[in-house]
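Shown below, as C-alpha cells, is a lone chain in the form predicted alone; questions about how it binds or moves come after it.
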Amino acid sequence: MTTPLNYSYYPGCSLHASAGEYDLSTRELFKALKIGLTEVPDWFCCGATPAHNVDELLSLSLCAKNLELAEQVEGDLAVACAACFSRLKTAQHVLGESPVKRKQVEKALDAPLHLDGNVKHLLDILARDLGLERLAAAVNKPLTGLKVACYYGCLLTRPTDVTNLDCVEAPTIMERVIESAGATTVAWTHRLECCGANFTLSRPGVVIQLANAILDSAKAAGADCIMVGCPLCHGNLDIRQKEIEGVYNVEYNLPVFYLTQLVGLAVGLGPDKLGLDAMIVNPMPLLKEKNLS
C-alpha cells in the first residue's frame, strides 16, 4: 500500500498575484495526482530577492517565521517559486550554521526557532517523493512530439550545499520529470544562465539582453517551448518576449510554461485548470499542432 503524500504549501507572493496560473496549476496537478496540499496559515512574504541585500536580519527573520508557521501543518513544506525556495533553504542553512545569527533572529521573533522541517521544491516532490514511475503511470495524454527546453535559471540548484536539489553544474531533474510526461527535451547552452531576475524594473536593458540570449539558445536548439519553475524567470521570458523580439528584430514565438502546466496537460487537465489563458505568448497554436489541446 502506497503511503499518502501530504504537504504544507507555501505559495509566496507571486503565486497569489502575477503568477496566479502557477498556483492554479500546482493545486490542480497535485489534486489529480492525489497529493495533499494545505496552505500555510497566515504566511507572508519571504523577502524574495531584495530583502537579503538590504537587511540580512530582516530576511532571515521573515523566512524563519514562515518556517515556524509551516510547522502547524502536516508534512514537509512544498514550495513552487524558485526564489522562495532559495530564501527559505538559505535561512535554514545560515541559521543552522551560525549560532550568533540564530540568537539574533530568535530575539527578533521573541521565540525559539524550529528549523528541522524539510523544504522541497515541487520538482523534488514529483521526481523523488511521488517518483518518476508513478508520475509516468498517471500520464494519460503524453506530450509526444513536444520539444521542451528546461530552464533552471540561477536559484533552483545554486548553491549546491543549500538547495540540495540536484547537481549544480549538470542538473537533470527537470528533464527527468517532463520526459516522464512523454515530452522530448533539448540540449542547449543557456539552461543555467541568469535571466536578470529582479532587474526587470530597475535595469530592463540588462534583462532584455540576458533574456534574448536565453530565448535565442532555446530556439537554436530546436525547442518548441520553454519550461520554468520560477515566476521571475517566467515574467522575463514570457511577458517581455514580444518586446525582446522588437528590439532584436527576431521572432521566437516560444511559449513559456510552468512545469505544473506541462505535467498537468499530460495527466489530462484542461487549459482552464492550468491557467494557459494567462500566458502572454499564446500556447494554443503549438498545442493544437502537437494534438495536445
Partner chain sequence: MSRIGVFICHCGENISRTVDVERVAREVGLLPGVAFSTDYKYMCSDPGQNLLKKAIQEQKLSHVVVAACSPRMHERTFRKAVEAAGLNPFLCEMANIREHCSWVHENKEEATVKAVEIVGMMVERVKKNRVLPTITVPVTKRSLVIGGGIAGIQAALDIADAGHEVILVEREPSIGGHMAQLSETFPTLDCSQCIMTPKMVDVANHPKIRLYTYSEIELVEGYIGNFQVTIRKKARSVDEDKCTGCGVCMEKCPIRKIPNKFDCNLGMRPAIYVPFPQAVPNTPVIDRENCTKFKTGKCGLCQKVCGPGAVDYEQEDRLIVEPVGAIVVATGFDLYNITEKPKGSMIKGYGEFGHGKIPDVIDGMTFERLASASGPTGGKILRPSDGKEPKQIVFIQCIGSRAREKGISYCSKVCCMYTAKHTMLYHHKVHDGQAYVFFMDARTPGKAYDEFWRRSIEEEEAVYIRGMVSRLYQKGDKIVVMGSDIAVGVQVEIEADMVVLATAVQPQAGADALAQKLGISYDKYNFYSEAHAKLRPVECATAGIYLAGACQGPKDIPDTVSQASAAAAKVMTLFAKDKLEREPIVARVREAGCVGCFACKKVCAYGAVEEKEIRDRQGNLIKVVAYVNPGVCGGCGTCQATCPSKCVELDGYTDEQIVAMIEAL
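Numbering follows the first chain given and starts at 1. Everything numeric here is computed off the predicted structure, so don't read it as measured data.
One more form of this protein, predicted together with its partner chain, exists but is not displayed; see below.
- Contact with its partner chain in the model of the complex, judged as any non-hydrogen atom within 4.5 angstroms, is confined among 129-137, 183-191, 104-112, 199-207 to 183-191.
- In the model of the complex, its partner chain sits within 4.5 Å of a heavy atom belonging to Glu169.
- Taking non-hydrogen atoms only, Arg158 approaches its partner chain to within 4.5 angstroms in the model of the complex.
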